[in-house]
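Just one chain is shown here, as structure tokens, and it is the form predicted on its own.
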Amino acid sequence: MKQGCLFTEKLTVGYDGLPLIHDIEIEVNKGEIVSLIGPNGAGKTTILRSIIQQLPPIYGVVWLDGQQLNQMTGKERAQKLSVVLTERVNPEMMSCQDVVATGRYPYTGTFGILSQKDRDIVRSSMELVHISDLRDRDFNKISDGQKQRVMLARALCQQPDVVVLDEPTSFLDIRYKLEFLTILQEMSRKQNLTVLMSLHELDLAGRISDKIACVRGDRIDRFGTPEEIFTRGYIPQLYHMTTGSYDELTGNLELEPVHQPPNTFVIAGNGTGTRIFRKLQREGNSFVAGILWENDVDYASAKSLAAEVISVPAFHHISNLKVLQAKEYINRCDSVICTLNTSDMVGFAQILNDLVKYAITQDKLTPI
């Protein structure tokens, strides 16, 4: 068994003796971040609760630092592993600093008296997650997002080798999501903190995780690096998507396109068109987009939302046939929108300018 890692060996989990997920084998090496992803109800929380022994596994073993976790004392576990779950905690008459300080109890004596060293660790843990200003606030009178950061500070205060988190970004706004995950990443790099967590945000999972475990049906369907997981077509299968689209390459998530004959032609590129594509979709307008290189920033959203995309492979020459195709669509549409200006048209300015001029001659160019 490897030292300094969390490892599940043929773990089977479920409730009341009824197996739900079989033969779970997840290895989290020292300093790695591993995320569980999968649809709601897939069993991510059940797996995490079984790993930390809050829910007894039906079969199999969890190893921590080369020892079986279920054979360690509570104090030994608490000094090596800390947990942040989604369940609400409601301590009475406790300040945020008091809650964070409970993370030091595995190291205190019988009476739980904090030493100066313990108090310094409490203070630095709160500073690390930017909650020093909440020090004296009643824990029950702060927001859910603030509580989540307090609980992370409490977990870090334990100075664990491994931290297990269940949907840690659920109540955080975009600023604190990024701050929260940045803290975890820095600690994994600088302090060799090992992180196992479940995440709903696929874009965040793909960015922060060293490895990802995909929970599907009664098994871990895939386990590997983000590059191995986010292959074309896999995520829609994992989540049983029936509407909209998800692009694994860009993380682009789009709603269903408008299924009507197109009435607008959009000349776009260099990332200038995506907001217009989405605006047209919201308004119920079907459109054609082009002419786009297939490595253009706008291509993924255009492919998902447009009735038709006139495109060419990356860096290829735009043929006269593609230009004629674009003009034919301009003839059929009621209006033309150009999201580009001259500086955006570098590379094929003349061709796009010709399309704009053609739209003007047809009296179809519409200002944004």
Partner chain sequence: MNIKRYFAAFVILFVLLNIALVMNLCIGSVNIPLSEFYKMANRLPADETYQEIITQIRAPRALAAIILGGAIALSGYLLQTFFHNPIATPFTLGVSSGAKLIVALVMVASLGYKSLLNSWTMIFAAFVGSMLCMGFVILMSKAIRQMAMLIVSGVMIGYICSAVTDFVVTFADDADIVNLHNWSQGSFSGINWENVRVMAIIVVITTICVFLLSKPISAYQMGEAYAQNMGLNVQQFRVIIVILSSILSACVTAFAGPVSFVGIAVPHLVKGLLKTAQPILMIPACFLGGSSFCLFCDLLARTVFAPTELSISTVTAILGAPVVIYILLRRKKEKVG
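Every value quoted in this text rests on a predicted model; they were computed, and no experiment measured them. Positions refer to the first chain, counted from 1.
As for the form predicted together with its partner chain, it is not shown, yet the points below apply to it.
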{"item": "Candidate from G74, P261, G271, G233 lying within 4.5 Å of its partner chain in the predicted bound form - any heavy atom", "value": "G74"}
{"item": "One residue of I183, L238, M94, I142 in contact with its partner chain, assessed in the predicted bound form (non-hydrogen atom, 4.5 angstroms)", "value": "M94"}
{"item": "Per-stretch contact check against its partner chain in the predicted bound form, the hit in 240 to 248, 272 to 280, 146 to 154, 223 to 231 (non-hydrogen atom, 4.5 angstroms)", "value": "146 to 154"}
{"item": "Any non-hydrogen atom of S209 within 4.5 angstroms of its partner chain in the predicted bound form", "value": "no"}
{"item": "Interface membership of S124, its partner chain in the predicted bound form, 4.5 Å heavy atom rule", "value": "no"}
{"item": "Residue contact check: G284 to its partner chain in the predicted bound form, 4.5 Å heavy atom", "value": "no"}
{"item": "Contact of T45 with its partner chain in the predicted bound form (heavy atom, 4.5 Å)", "value": "no"}
{"item": "Within 67 to 83, the residues that have a heavy atom no more than 4.5 Å from its partner chain in the predicted bound form", "value": "G74, K75, R77, A78, L81, S82, V83"}
